[in-house]
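The chain below stands alone and is given in structure tokens; this is the form predicted on its own.
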Amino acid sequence: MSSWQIIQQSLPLFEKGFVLTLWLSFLGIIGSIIVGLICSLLKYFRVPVLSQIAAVYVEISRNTPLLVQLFFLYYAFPVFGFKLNAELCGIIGLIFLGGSYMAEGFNGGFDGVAKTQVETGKAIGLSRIQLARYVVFPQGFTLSVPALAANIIFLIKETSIFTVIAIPELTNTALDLIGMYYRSNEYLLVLVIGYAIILIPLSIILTLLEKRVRYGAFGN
């Protein structure tokens, strides 16, 4: 059987893995952005107790590998009576890891907002929520875009680690096929192409978005 025939036969399985990779990445990235934004705002406004909790979370998350986090969720949680399926563990793990990276990205942007603007907002009686909504977030988000874009690419690539808990995403699909049919070259080629189809267009889009945001913020 030729290499092309082997690749053709594997495409339906890779298609399922491709779709699952996109779906898990999407949920993980959205959740990471939400968690990261909340943690960053708590730290920026120095909310008592909660800002300290957010800081501890960021340190733990950033300093432990996703592999260890997934093992803990998938194998340790059932010991305490919490049984989670593999896909849910993957999503939670990606959000747990990504939230800390997104928080640091937002921190860099929010710290770039001029303190005089924040003080002016306080002087005219804006609450913390109003300051976050009208002053800090709009400008800080613009400054955060490069870091957020890099984190999005990073998180999509991290989904390849999901194979350790048998989630049938792209990498797991390739490894399973290699284990069954011993045709590494063909299946690894499809795997590389699959990630390239996701990451290259996304990288281009994020680069264009970054330039557009930067031009809108500093071009005038």
Partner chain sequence: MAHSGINVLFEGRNLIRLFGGLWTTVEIAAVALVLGLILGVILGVLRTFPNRLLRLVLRLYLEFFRIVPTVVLLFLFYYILPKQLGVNMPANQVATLVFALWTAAEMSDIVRGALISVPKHQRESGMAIGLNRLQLYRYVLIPQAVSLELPATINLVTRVIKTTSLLMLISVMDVINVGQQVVEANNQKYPTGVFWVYGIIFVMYFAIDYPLSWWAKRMDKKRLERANG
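Positions refer to the first chain, counted from 1. Just so it is clear, the model here is predicted, and its values are computed rather than measured.
Unshown form predicted together with its partner chain; subsequent notes refer to it.
K.L.:
Note which of Ile34, Val47, Ile53, Ile178 lies within 4.5 Å of its partner chain in the model of the complex, where distance is taken over heavy atoms; exactly one does.
P.N.:
Flagged contact: Ile178.
K.L.:
Would you please decide whether Leu199 lies within 4.5 angstroms of its partner chain in the model of the complex, comparing each non-hydrogen atom pair?
P.N.:
Answer yes; at least one heavy atom of Leu199 falls within 4.5 Å of its partner chain in the model of the complex.
K.L.:
Is Lys115 near its partner chain? Define near as a heavy atom within 4.5 Å, in the model of the complex.
P.N.:
Heavy-atom contact with its partner chain at 4.5 Å: present for Lys115.
K.L.:
Since only the chain is shown here, I'm wondering whether Phe141 would be in contact with its partner chain in the model of the complex (any heavy atom pair within 4.5 Å).
P.N.:
No, no contact at 4.5 Å.
K.L.:
Would Glu87 sit within 4.5 Å of its partner chain in the model of the complex, counting heavy atoms only?
P.N.:
Contact check for Glu87: no, nothing within 4.5 Å of its partner chain in the model of the complex.
K.L.:
If we check its partner chain in the model of the complex, which of the residues in 27-66 reach within 4.5 angstroms of it by a non-hydrogen atom?
P.N.:
Contacting residues: Glu59, Ile60, Arg62, Asn63, Thr64, Pro65.
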